[in-house]
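So this first bit is one chain, no partners, the form predicted alone, shown in C-alpha cells.
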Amino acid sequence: MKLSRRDALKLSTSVALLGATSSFASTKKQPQKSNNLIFQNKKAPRVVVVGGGWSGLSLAKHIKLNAPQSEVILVEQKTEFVSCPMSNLWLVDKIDLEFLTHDFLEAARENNYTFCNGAATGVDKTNNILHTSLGDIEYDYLAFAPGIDYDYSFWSEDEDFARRIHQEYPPAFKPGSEHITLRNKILNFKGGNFIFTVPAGNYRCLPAPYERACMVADYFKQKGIKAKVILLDENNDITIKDHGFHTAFNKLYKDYIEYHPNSLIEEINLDEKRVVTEFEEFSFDDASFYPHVRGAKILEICGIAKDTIYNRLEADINQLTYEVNGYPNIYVSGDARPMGFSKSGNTSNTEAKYVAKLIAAKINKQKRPQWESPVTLCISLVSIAPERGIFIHSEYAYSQKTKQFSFATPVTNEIWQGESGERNAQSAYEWAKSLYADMFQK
C-alpha cells in the first residue's frame, strides 16, 4: 500500500521519537562522559561548591581543612565578593565599598582550592556532572550554597511587573547593582515619602529592613532633608530585636519613621507611585520594595527544590544531614536551606563549617559527626552619630515532636543607649573584619 506524504511524516516522527527514547534509556544504563569536560585530571575525591557567598566560601575552605587530600572547586559567577552584611552603612555613605569587597582568587590561593568564575546551569545527577557556563565538571560530592532569589508572585503574577519593579525599585538584599541603585536613590533624595517593605516568611536577615530604616532616617535627619521613611511590614510586629528598634523609632526618629505592621500589600501602582494595603493607601516619591524570598532558581532547575513551610522552592534536603533527598552525595547549605535558621551571614558561615565536616567525614570514611547548631550573632546599628547598635546571639534546637528547628533561648542585648549601645556599634566592625578574615585568609 502506498503511504501518503502525511502518513510518511507521522511514521518518521514516531521513529525519531523512538530513537530519542532509546538513546536516553541507553545513556542512563551506560553512563557516558561529557565531551565538554573541564578540570579533567581528577586524581583525588572532588568536591564542587556552587556559590561564593558566606556559606560557599566557608564550605570550600573547611572541606579542604578537614579533608586536605580532596580537590575542591568553587564555582561562582561574580568576579568579586561584596558583602550584604554591613552594606546598610555603605548605603548612607558611612563606610567605603572596599570594606565590603573581597577577592575570590585570594581566598582560593590562601586556602588551597580552585576558583572557577562561571555560572552553574544544571546538573546530571546520574553521572555526577555539574553543567556550567564554562563547561562540565565531574564531581564526587556537590554542595550548593546559591542563596536566595526574589518571589514577586505574591504581589502580581505579571512577569513584566516583576521585571519593572525590580529594575526601578530593587530590594538590595542581593549584593551588586541593586545596592548601587538604592544608594544613589538615598543620597540624591530631595524629600517626601520613601517606602521600604518587610516581607513575611523567613526572609534574608530579619533585622536588616529595620536597621536600614534607621540608617536612612538618620541620614535624612543629619542632612536636614524633609522626608518620611514609611516602613510597611507584612508581619504583625518587628520580627526580631523588637524592643530595641521600637525604642529607636520612637526616641530617635519619631518625625522621620512611620512604622505600619500588618501591612499586606494588595496593589503597587508604579505609574501613579501608590501602594494599597489591606487597610490604607500610601503615595511615595521613591521606594525599595522587598518581596518574599525563595530558594535560588538553580535548585529548581536542578530538580532539588520543593515548597516548604517557610518559603517557596527551598532545598529538598534531610534537615539533619543536609543531603538532598535521594542523592546523598549532593548537599545544600546557607540561605537556600528549608530550616527556619536566620538567613544571615554569621549563621551561614557557622553552618557551613558543620556541613564541611559532614562531607569530609565521607571522604575520610569516618563516622558522621554529631549535629552542631549554627550560630546567629548579629549587631544592628540604629544611629550613625553617635554610632549605637543592638546585639543578639542565639543558637538553635531541634524538636523531635515537631521535626522542626527553633531558637534555643536567645541571649539578647537590645540596649542601644549609652555606652552599651556604642560598644555594640564598634563591635559590628570587628565582627565583620573577623568573619572576612575567616573566609578569605588561612
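Only a predicted model underlies this, so the values are computations on that prediction, with no experimental measurement involved. Each residue number is its position in the shown sequence, starting from 1.
Not pictured, yet referred to below: the form predicted in complex with a small molecule.
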| query | finding |
| --- | --- |
| Contact test, all of Asp151, Arg274 and Pro291, partner the small molecule in the predicted complex, heavy atom 4.5 Å | no |
| Partner-contacting position among Ile137, Ala120, Ile317, Ile359 - heavy atom within 4.5 Å of the small molecule in the predicted complex | Ala120 |
| Contact assignment for the small molecule in the predicted complex, among Ile129, Leu252, Cys205, Val198, heavy atom within 4.5 Å | Cys205 |
| Distance check, Asn111 to the small molecule in the predicted complex, heavy atom within 4.5 Å | no |
| In the predicted complex, Cys84 touching the small molecule (heavy atom, 4.5 Å) | yes |
| Close approach of Leu377 to the small molecule in the predicted complex, 4.5 Å, heavy atom | yes |
| Partner contact for Ala172 in the predicted complex: the small molecule, 4.5 angstroms, heavy atom | yes |
| Segment that reaches the small molecule in the predicted complex - one of 35-43, 51-59, 64-72, 388-396, heavy atoms within 4.5 Å | 51-59 |
